[in-house]
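Presented below, as structure tokens, is a lone chain in the form predicted alone.
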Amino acid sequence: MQLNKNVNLKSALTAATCSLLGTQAKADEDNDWKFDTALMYYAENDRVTATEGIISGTKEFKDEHFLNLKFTIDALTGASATGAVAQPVAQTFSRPSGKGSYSISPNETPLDDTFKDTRVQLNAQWTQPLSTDYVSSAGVHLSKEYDYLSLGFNGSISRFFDRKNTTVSAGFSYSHDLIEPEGGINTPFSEMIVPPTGEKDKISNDDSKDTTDLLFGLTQVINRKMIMQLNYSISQAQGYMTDPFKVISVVGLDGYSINQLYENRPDERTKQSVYWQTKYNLAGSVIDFSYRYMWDDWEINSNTFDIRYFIPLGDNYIEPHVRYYMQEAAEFYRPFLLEGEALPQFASADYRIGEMDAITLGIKYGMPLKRGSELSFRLELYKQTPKNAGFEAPGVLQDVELYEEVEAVIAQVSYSF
């Protein structure tokens, strides 16, 4: 499972303009390395558990010439939803390799409990001024999992106006991903074969995807207390975007599953988004509000509202956080297929591209330490609520939970020095 396949272009652009936002990592006067480290724990109820460690180092080699190196490692375990519908009877499924099977109890969401993955990611970013009014940034990216390799690069340029109160930025990134899933690339809509009755139908052992992102940004200092940022981004991906581990159930008019078919998604996707952020200093505390609207040619539209409130407590601080997310389903999302229907060109029962709402509530507590270092703790509760996008459940499916809520706890410890 790939958590973050592409170069974070927004972060790359922000690095070039964040002197206005007050977030640019600055080296000490003696140009020593400045490090930011974090350890995060993420746990869903009865599903995926993830542990992530990050270390990021920034050094200023000469005036405003910065090198940033970042290392990330993720370890994931637990159970992942397969896309198959729950049933009032026990079900048996094939492992992703096609060489083993597992059973699901009645009325339970089918989960593959052998989900396991480790990702190692390396990023390098160089930022420097080109002249008094221009700043450039360029970087490279490498991410490796046991079944996934991602290579990428990015670049951006920013232009300052009005004594650096206004910044206009443009950037791009490109990544090439190689997917080598366990069990190979399944033939679209081929039937899941439960061992030892036969072998799965696959078309190859690997495939690839290419993604190009463009981002244009405007940052404006409104007054001594307020700063605002507006971004527009467009992303185009081509290649293999089907999840090789997801299936979709074919059910009869009575609601009972007849078989499981491997899903199929389009091999092209264009996403666009607009992002607005405002920071306001309110008597020493800071309100940070952002809104993002995303739309794509899969007909997934989403709205994201995010607010953080930085409150100083003497030398320490707290920062409450609320995030609300709303998403419409992809055009080809279906929780199941009906027996006798002609197969669509594309179909997926993956709840992550279905209709949903999600809310995150959290708080961060930070304390400055000696010599400019800082220790902080973050705790958040996440709840995702999938919704019915207008599908009528036949027969016994009316009595089972097809849109199960997902709850998670997120805990993070960060240390900067």
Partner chain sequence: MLTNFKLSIIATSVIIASGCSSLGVEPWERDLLAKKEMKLTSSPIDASLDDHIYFSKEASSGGRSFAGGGCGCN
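Residue numbers count along the first chain shown, from 1. Since this is a predicted model, take the numbers as computed values, not measurements.
In what follows, reference is made to the form predicted in complex with its partner chain, a form of this protein that is not presented.
- Not displayed here, its partner chain is kept clear of K59 by more than 4.5 Å at the level of heavy atoms in the predicted complex.
- For I300, a non-hydrogen atom is located within 4.5 Å of its partner chain in the predicted complex, even though that partner is not displayed.
- For I222, a non-hydrogen atom is located within 4.5 Å of its partner chain in the predicted complex, even though that partner is not displayed.
- Among residues of the shown chain, A38 is one whose heavy atoms approach its partner chain to within 4.5 Å in the predicted complex.
- Within 4.5 Å of its partner chain in the predicted complex, a heavy atom is found for every one of F245, N281 and S414.
- Put simply, of S249, S173, T82, T127 only one has a heavy atom within 4.5 Å of its partner chain in the predicted complex, and it is S173.
- Of the residues Q91, S169, N264, Q327, just one reaches its partner chain in the predicted complex with a heavy atom at 4.5 Å or closer; this is Q327.
- The stretch that touches its partner chain in the predicted complex, counting heavy atoms within 4.5 Å, is 305-313, out of 305-313, 332-340, 128-136, 189-197.
- Interface residues of 201-217, taken as those with a heavy atom within 4.5 Å of its partner chain in the predicted complex (partner not displayed): K209, T211, D213, L215, in sequence order.
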